[in-house]
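Below, in C-alpha cells: the form predicted alone, a single chain.
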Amino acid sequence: MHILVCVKQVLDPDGVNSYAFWGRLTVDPSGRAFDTGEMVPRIINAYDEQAVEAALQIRDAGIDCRITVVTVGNEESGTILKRCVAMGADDSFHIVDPGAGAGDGFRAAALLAGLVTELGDIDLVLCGRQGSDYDQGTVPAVLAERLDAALVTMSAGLTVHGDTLRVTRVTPLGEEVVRATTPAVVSISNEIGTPRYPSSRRMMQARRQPPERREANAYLESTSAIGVELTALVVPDVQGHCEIIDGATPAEKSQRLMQQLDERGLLSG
C-alpha cells in the first residue's frame, strides 16, 4: 500500500493569537497577509501532523506500506517535510508554487492531484481536517473529486483490511463507523491522538534526505488562481470588559455576582 500524506506550513496559531491579544496583529501592505515579521514561527499544520501520525499507526498495525508526504508552498515551506520524514515517512515531495498562501484550496488540490496522477500507485491520501490559517477544509473534498476517489471526513481512527478501510468518524452525535474501498481520501481530526515525537536518529536522517522538487506549472495549465481569490484580510477589533466582584469571602462574592446577574435580567426565565 502506498499512502500519501498532504501537509501544509502555517504561522504558529499560538503566536498569532498572542499578537492579536496584545493588539499587535496587523495586515501587511498587500492587505492579504498578516504582518508578523520574523517573530511568529512557521510550523506544520497540527491537523496535518496528526495525518502523518495516522499513516504511521497503519504501519504500526502491521500493514506493509510506503508513506510519502507532500506539501504545496513557497520555497521555504518545504522545511516542514523534514519533520515528517523524522517522524517516520519514507520520502517527500515539495510542489513549489508561486501562488501559494492565497487560501485557494482548489488550486492546492489540483496540484496535489497532479502529483498523485504522476506517481500512479497511491492507494490512500490522508489530509488534516483543515488548515489552522484559513480553516476552510476544502482540500480533501476537492482532491477526492479530482481523483474520483471515495471521501471520508473527520476521522478519529482508521484500519486497513486489504483494499477496504474501516474509518471511525467524529460527528456531533458521537462516533460513526464507515467502510470505504481504496483509492480513498480521508481527512484526519485531532481525536486521532498526539503525534509521536521524532527520534534523534530519524532527525539526523531527515537532514540528509531532501524532498523531491516539483514545479506548480507542471500540473497546471496556468499559474493563476483557479478557485478562490483572497482579496482582503481584516483584524477585528476585539475588546474585553472585565469587572471585579469584591467581597471578603468566596460566598460573599458569589452572592454579589448572582445579585448583579439578576439585576441585569440574566437569570430570568
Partner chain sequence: MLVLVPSIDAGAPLSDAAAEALGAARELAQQRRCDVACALIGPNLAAATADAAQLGADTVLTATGHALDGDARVSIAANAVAQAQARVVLLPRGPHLLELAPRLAARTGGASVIGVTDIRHVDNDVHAIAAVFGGAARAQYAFRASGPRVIGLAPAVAAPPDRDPARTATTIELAIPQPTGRVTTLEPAAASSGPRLENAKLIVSGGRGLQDGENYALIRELADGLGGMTGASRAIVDDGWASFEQQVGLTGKIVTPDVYFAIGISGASQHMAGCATARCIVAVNTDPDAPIFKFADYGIVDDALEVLPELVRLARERA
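Positions refer to the first chain, counted from 1. The term rigid core refers to the most C-alpha atoms you can superpose between the two forms while keeping them within 1.5 Å. These numbers were taken from a predicted model, which means no experiment stands behind them.
What comes next is about the form predicted in complex with its partner chain, which is not displayed.
Just one of Leu220, Ile63, Val228, Met203 comes within 4.5 Å of its partner chain in the predicted bound form, counting any heavy atom, and that one is Val228.
Only one of Arg129, Arg107, Lys82, His94 comes within 4.5 Å of its partner chain in the predicted bound form through a heavy atom, and that residue is Arg129. By the criterion of a heavy atom within 4.5 Å, Asp90 is excluded from the residues contacting its partner chain in the predicted bound form. Thr153 belongs to the set of residues with a heavy atom inside 4.5 Å of its partner chain in the predicted bound form. Mapping the unseen interface onto this chain, Asp123 falls outside it, with no heavy atom inside 4.5 Å of its partner chain in the predicted bound form. Looking at Asn74, you'd find every heavy atom of it more than 4.5 angstroms from its partner chain in the predicted bound form. Contact with its partner chain in the predicted bound form, defined as a heavy atom within 4.5 Å, is made by none of Met1, Pro29 and Met39. With the partner left out here, its partner chain still marks one of 114-122, 195-203, 82-90, 135-143 in the predicted bound form; by a 4.5 Å heavy atom cut-off that stretch is 135-143. Contacts between 1-40 and its partner chain, taken as any heavy atom within 4.5 Å in the predicted bound form, involve Leu11, Pro13, Val16, Asn17, Ala20, Phe21, Trp22, Leu25, Phe34. Annotation for Pro250: C-alpha shift of 2 angstroms or more between this form and the one not shown, rigid core superposed.
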